[in-house]
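Let's start with one chain on its own, the form predicted alone, as structure tokens.
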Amino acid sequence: MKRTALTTLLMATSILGSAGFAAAQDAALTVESWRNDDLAIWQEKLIPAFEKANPGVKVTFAPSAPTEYNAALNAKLDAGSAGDLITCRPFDASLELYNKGQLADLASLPGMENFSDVAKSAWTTDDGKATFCVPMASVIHGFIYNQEAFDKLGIKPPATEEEFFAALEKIKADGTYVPMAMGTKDLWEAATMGYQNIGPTYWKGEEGRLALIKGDQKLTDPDWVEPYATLAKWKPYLGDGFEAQSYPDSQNLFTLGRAAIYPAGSWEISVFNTQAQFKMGAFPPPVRKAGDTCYISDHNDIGIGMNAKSKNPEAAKKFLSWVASPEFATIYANALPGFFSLSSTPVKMEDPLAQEFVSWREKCKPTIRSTYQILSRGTPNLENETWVESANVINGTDTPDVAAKKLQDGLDSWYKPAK
């Protein structure tokens, strides 16, 4: 049977239209990540939520081992075989990818307006003109405490430094608990849960951090030395043998109920929830005196960007805009208690300890660790040197002034602020 020209044309048009529709429906996106522990969360919660709202875009989460991620990702990007979406480590590792043209500029992406400059700082160029990853999560610093110990001793969560040291003294005098679980053997604890935890209260968070980068302040200024003087006062409350106490030792000391207070990062929440057999609470870094502004280290930990050579850039941007949404923030933050959304829209946490941590954003000014942006690119590395000196100050082998001078001298040896 012969087809008329019109029939043939209609069939061809229909076939082409169907093919075009199918192609539009079949955009496939691959997410590169080091977070292999999150595979179930992506497969069971995040991806189904996105695909339900965006039919026709299929997402695959394809993580590498954390220790292999950087090398594997760089090799794939260089070979042109990397996925469309790149999970971003904070600061220089991702900045290097952007500078090589491997991550796209997302400054104008719909949804980026949901994040503050502090939230975006880990994935923004030094001049502030380009942002190349959508912020996903941060970790917050503070103190976790044994609620049973506090109740037994009649202690309320301290709000000021005077109350903080009074609580430590009361716990020590009672003798039932080690007042505070932190060791100096592994060095980084002393800096990350010590100096970077309480320090922003002294250098006024972003004000001091940015002034240090600009060269308007130095690590030998009072605002940077005084936190070390306060840290040195922790020594009598850390228990016998704290100098030989490792990070896992400190965790065990607290979760076994033998210590009353734990200087913490919020990443501990999930682990402590499974190990501690007692009720826990948390309080932010105490202010120096009542009425002072409180500051918290709300440190950027993970973001996600777009491979500049993605074959599906529009679908990738659609996914990234969804990552920037309150829906993603709520799912992700509740699936991983202690890893908090960086969105300006508050997320209600189901875990009470996580909710306590994130509630501090409403009353405290956020900042990030002072050593992470720009100031640890040279040798000696300021971040690593801060570990050493924080431990030295607590151990009593360096005074606060000596520690600060060592750090500033090291920084001066390679870093020249842009004027």
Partner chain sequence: MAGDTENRRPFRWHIAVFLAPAVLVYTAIMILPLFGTLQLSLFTADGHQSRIFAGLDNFRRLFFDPRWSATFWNALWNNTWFFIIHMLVQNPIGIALAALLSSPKLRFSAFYRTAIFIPTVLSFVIVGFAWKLILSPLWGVAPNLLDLVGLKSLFVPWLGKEEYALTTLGLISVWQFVGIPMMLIYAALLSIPDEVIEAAECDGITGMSQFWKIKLPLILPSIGIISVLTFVGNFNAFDLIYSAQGALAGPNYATDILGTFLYRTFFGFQLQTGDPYMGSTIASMMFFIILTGVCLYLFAIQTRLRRYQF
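Source: prediction; values computed, not measured. Residue numbers count along the first chain shown, from 1. Think of the rigid core as the biggest set of C-alphas that the two forms share within 1.5 Å after superposition.
The following text describes the form predicted in complex with the partner chain, which does not appear among the structures shown.
Practice prompt. Tell me, yes or no, whether S33 is in contact with the partner chain in the predicted complex, where a contact means a heavy atom of each within 4.5 Å.
Written response: No, S33 sits far enough from the partner chain in the predicted complex that none of its heavy atoms falls within 4.5 Å.
Practice prompt. Please check if T367 has a heavy atom lying within 4.5 Å of any heavy atom of the partner chain in the predicted complex.
Written response: Taking the distances in the predicted complex, the answer for T367 is no, it never comes within 4.5 Å of the partner chain.
Worksheet item: Closest heavy atom of E206 to the partner chain in the predicted complex, within 4.5 Å or not?
Response: E206: no, not in contact with the partner chain in the predicted complex.
Worksheet item: Taking heavy atoms only, is I47 within 4.5 angstroms of the partner chain in the predicted complex?
Response: Result no; I47 lies far from the partner chain in the predicted complex.
Discussion item. Let me test this: is every residue among A71, T379 and N384 within 4.5 Å of the partner chain in the predicted complex, going by heavy atom positions?
Written reply: Every listed residue reaches the partner chain in the predicted complex, so yes.
Discussion item. At 4.5 Å between heavy atoms, only one of the stretches 238-246, 111-119, 326-334, 275-283 reaches the partner chain in the predicted complex; which one is it?
Written reply: It is the stretch 238-246.
Worksheet item: Using a 4.5 Å cut on heavy atoms, which of R258, K218, K170, R288 is close to the partner chain in the predicted complex?
Response: Exactly one residue meets the criterion: R258.
Practice prompt. Select from the listed residues N252, T125, S310, T160 the one whose heavy atoms reach within 4.5 Å of the partner chain in the predicted complex.
Written response: Contact check passes for N252.
Worksheet item: Is N99 one of the residues whose Cα moves 2 Å or more between this form and the one not shown, with the core superposed?
Response: Yes; that C-alpha moves by at least 2 Å between this form and the one not shown.
Discussion item. Rigid core aligned, does the Cα position of C88 differ by 2 Å or more between this form and the one not shown?
Written reply: It does shift by 2 Å or more.
Worksheet item: Does the distance between the two CA positions of Q355 reach 2 Å or more between this form and the one not shown, the core being superposed?
Response: No, shifts by less than 2 Å.
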